[in-house]
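We begin with a single chain expressed as structure tokens, specifically the form predicted alone.
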Amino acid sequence: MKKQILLSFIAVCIIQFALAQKTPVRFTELPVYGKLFDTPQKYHRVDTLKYNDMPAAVKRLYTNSAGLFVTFKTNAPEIYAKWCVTKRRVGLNLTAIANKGLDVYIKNAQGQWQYASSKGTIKECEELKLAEYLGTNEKEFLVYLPLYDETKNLQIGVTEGYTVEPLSNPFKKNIVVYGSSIVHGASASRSGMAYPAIMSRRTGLNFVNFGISGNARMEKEVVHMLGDINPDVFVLDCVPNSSPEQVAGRTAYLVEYIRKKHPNIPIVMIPSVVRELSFFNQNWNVRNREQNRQWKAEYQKLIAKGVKGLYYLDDDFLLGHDHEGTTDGTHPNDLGFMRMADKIEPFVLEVMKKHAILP
């Protein structure tokens, strides 16, 4: 009995000694990129106090950190993070990674951002090791914040003896992408798979996520907020939640207001994805078809009125032809988002070259 007590005591001492010898982790708060407004709350996309006349749901959703990221370099073999979000439950058609988690990319030897790891949570605050066994050669990191929650704070950590050096925004120019839950990122498996983020990594251009789930109905108050931005291109993917009547009544104001504020910035109009639901659900079939028909008709009217620098991506198959591009019949899965990027990216790049924004 005494021997067992002695062995137990020795084991406890060994564990305590090991814990005492564990190298402490130093955490650093980094600059946040992926937004075009200075905001009182660092991790909000829009200053909802300044633009307080927007619909309540829109204001709340622009506190979500969709598209925001931090970037840094370090030679640390392990990367840690601690962050806090809200108590809101994880969305039914979202992973815990996309909803409240972090998504990590590392720049590879070819200079491309390559997926490295991701961590999800259902907690309000979390502290986790993001990646390990990385070696000690210096690497550049890109960490996307949660798509569908409000990030309260985020710190990146490395063990003592290593440092984290903040990097400048790796993406050039500014392309605003205004749209619904699809732009916002539902139902990507992780934050880096929303299509604006995919296009940023592919092109080195800054596609800025102004998606607002369940919304983007071209309300005047939101249009006025967008008019205060001065990007290189506007991409309008705002049909999915707008009724055909709203498309007919609001498109001209949206486009003409932006054109008045920014006479030379190109504007790209994207049709709604054809929802997989619409192939069998006849109500959705009619609504989806009428949304896009009216959107294109409004484009043609604006061109006839002499609006310059306006472009329409005329493609009804942004999700492909095999009907496997969604999670729930409406929102793209990762395959669907890749297909959207395959269609939208070259069209936007062509417009930018035409306007000498790109060589």
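What you are looking at is a predicted structure, and each value in this text was computed from that prediction instead of being measured. One rule holds for the numbers: they count along the sequence shown, beginning at 1.
The following text describes the form predicted in complex with another copy of the chain, which does not appear among the structures shown.
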(message) So in the predicted complex, is another copy of the chain close enough to residue 286 to count as touching (4.5 Å, heavy atoms)?
(response) no
(message) Against another copy of the chain in the predicted complex, would residue 253 count as a contact residue? Criterion: heavy atoms within 4.5 Å.
(response) no
(request) Answer for residue 329 alone: is it within 4.5 Å of another copy of the chain in the predicted complex, judged on heavy atom distances? (result) yes
(message) Would you classify residue 276 as touching another copy of the chain in the predicted complex, given a 4.5 Å non-hydrogen atom cut-off?
(response) yes
(request) Assess the spot marked by 89, 322 and 334: is another copy of the chain within 4.5 Å of a heavy atom from every one of these residues in the predicted complex? (result) yes
(request) Tell me, out of 153, 114, 230, 169, which residue has a non-hydrogen atom within 4.5 angstroms of another copy of the chain in the predicted complex. (result) 114
(request) Report the residue, out of 201, 217, 173, 262, that has at least one non-hydrogen atom within 4.5 angstroms of another copy of the chain in the predicted complex. (result) 201
(message) Looking at heavy atoms inside 4.5 Å, which stretch does another copy of the chain contact in the predicted complex, given the options 266-274, 126-134, 154-162, 217-225?
(response) 126-134
(message) Where, within 23-43, is there a heavy atom within 4.5 Å of another copy of the chain in the predicted complex? Residue list please.
(response) none
